[in-house]
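A single chain, nothing else alongside it, follows as structure tokens in the form predicted on its own.
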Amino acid sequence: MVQISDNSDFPRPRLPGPQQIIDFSRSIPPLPEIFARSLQATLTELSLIDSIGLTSRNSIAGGSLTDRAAARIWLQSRLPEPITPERLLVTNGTQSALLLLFEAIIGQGGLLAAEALSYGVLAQLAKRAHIRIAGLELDRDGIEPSFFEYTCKTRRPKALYCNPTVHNPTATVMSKARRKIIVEIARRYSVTILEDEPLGCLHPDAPEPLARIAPDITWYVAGLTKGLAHGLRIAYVVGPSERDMEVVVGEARRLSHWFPSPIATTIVNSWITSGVAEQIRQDISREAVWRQQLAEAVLSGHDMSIQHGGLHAWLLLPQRFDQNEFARKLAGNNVLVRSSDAFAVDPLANCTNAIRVSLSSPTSRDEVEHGLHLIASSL
């Protein structure tokens, strides 16, 4: 067993059995013990409120003022400048937020530029919004600037979707200098930036978001699925201005598919204002660091990108392996991972031979360690 110092509040159940599936394919945060205790206590408190039944009748487009005040507290580590309520939206998760933005900012038939390897469902969201995607080449610092500029010159995208902080799936953090270059190119060609930062809450010391460098052209999206809980389905959106926000929300105000669940926001608001959310976030971050250190120890010597406090690792495979064959081989040993094709906006053009290992998803450390050793032996 690999020995790593332990200072967190996570259980360590027994080693998984030979037939148990070890799922490294989903990027779900680990579950600290404080989470269950807090959820039980909060639901008990809510059950004692006589008017709690009325809460389910009050789903509001963009969230209530109370919802947005809680959002402001949560976002402060990454966006410390004052944000007026009119520039904030509370939505039913990141996907609903992106659909809103795609439909309003890009429009049917419009072109979205995005990292060639990106959010796994981006292509499906684009299809539903009836927009096209242009994949952008990546290097070890994120979007390659000359390729982005060439795409802007020749194809005129309306917006750029990007994930610069602990990029999904490559785990890179775009440097401050590169962020400024990307912003300069976007400005030059009048490209709106859609910045998705689900892991920013776990990396408050990362370079400042694009939304701080260029707040007038950037829409900032921060879901709570990584730093708090996967199932609460809440995402916060910060727009450039009240006028821009009205353009996005205007025609969708009566379409409730993107409205946040009032029960979920009630729980989240309580946790954020009481400090419970911050405790959960810190526990998740500490556990993520422990699991990343374990991965570095077990997979030492292999070409792997990792960010301490992140939820996944990006493992480049030797040429003798085919990513999809390797993933199938692991699945035969009950270990699930995702190959780079799952993140390619154009799988036919994907030439990255790699897999993403979501270290956060298994419920116990023993599962993580056992699965990592199976990956190491397969290599």
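Numbers follow the displayed sequence, beginning with 1. Keep in mind it's a predicted model, so treat the numbers as computed, not measured.
The form predicted together with a small molecule exists for this protein as well; it is not shown, and the discussion that follows is about that form.
- Shown here without its partner, the chain carries Ser27, Asn163 and Pro198, all of which come within 4.5 Å of the small molecule in the model of the complex through at least one heavy atom.
- Shown alone, this chain has one stretch from 252-260, 226-234, 289-297, 127-135 that lies within 4.5 Å of the small molecule in the model of the complex by heavy atoms: 226-234.
- Scanning Gly309, Pro215, Gly110, Gly93 against the small molecule in the model of the complex with a 4.5 Å heavy atom cut-off leaves one residue, Gly93.
- The partner is absent here; in the model of the complex, the one residue of Trp74, Tyr119, Tyr220, Phe102 having a heavy atom within 4.5 Å of the small molecule is Tyr119.
- Although the partner is absent from this view, Thr265 stays clear of the small molecule in the model of the complex, with no non-hydrogen atom inside 4.5 angstroms.
- Interface membership of Thr172, defined by any non-hydrogen atom within 4.5 Å of the small molecule in the model of the complex, is ruled out.
- Taking the partner from elsewhere, Asn269 is found to have every heavy atom lying beyond 4.5 Å of the small molecule in the model of the complex.
- Taking the partner from the other structure, the small molecule in the model of the complex has a heavy atom within 4.5 Å of a heavy atom of Asn168.
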